[in-house]
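The form predicted on its own is given below as one chain in structure tokens.
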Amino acid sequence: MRQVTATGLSVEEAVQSALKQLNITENQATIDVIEEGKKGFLGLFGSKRAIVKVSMNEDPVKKAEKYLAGIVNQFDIDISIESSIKDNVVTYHLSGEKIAILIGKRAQTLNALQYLVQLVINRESNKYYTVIVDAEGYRKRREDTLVQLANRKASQVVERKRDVKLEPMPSFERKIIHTALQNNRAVKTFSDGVEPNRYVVIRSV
């Protein structure tokens, strides 16, 4: 962590001096005031300069990537990680051989990684991020599968006039189901159950 100790006629002046040296903004810094400073009599006698220590906060996106890399390394497989940011959504793309190990059965391992990284990045950040951990395009393939499932089950509901309960899914996968059927006027969807076994119900209207 880079840090600078700076002085000034006031705390604000000292802080601005340190920020300029670090080439960062105030919301990217942790500021510790060592000495408030004192103007002194007539602004001349007994005056003391303000002293501050300003530390540059580590980029939460990069810090979370290091955390993810540390976990992945425990699997003893050669995996590379690339990150991308769009608005407040951070996606970590995993690629390499034996990637199926990191996906796990029904993506349980991948979802667990995503959950942990989400906790880490938002613990260190002053803004909220949504995290996606993907492995060789698995998330897109899974989304396509869920959309097909939603449409197929909706057709069954319309035909049989009976509710269909899907298997338990994490919230971001349930959202895919809800979105896929939101314009289908023949059915409605809602979530039921208690986490981590919450599931989508498709019902005829």
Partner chain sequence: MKALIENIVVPLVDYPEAIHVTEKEEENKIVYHLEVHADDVGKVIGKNGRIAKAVRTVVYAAGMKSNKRIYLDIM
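The structure displayed is predicted, hence computed values, not measured ones. Numbering follows the first chain given and starts at 1.
This next part talks about the form predicted in complex with its partner chain, which is not shown.
- The shortest heavy atom separation between L119 and its partner chain in the predicted bound form is within 4.5 Å.
- With a 4.5 Å cutoff on heavy atoms, K86 does not count as touching its partner chain in the predicted bound form; it lies far away.
- Taking the partner from the other structure, its partner chain in the predicted bound form has a heavy atom within 4.5 Å of a heavy atom of Q108.
- Although the partner is absent here, R123 lies within 4.5 Å of its partner chain in the predicted bound form, judged by heavy atoms.
- Residues of 65-97 that come within 4.5 Å of its partner chain in the predicted bound form, judged by any heavy atom, are Y67, G70, I71, Q74, F75, D76 in sequence order.
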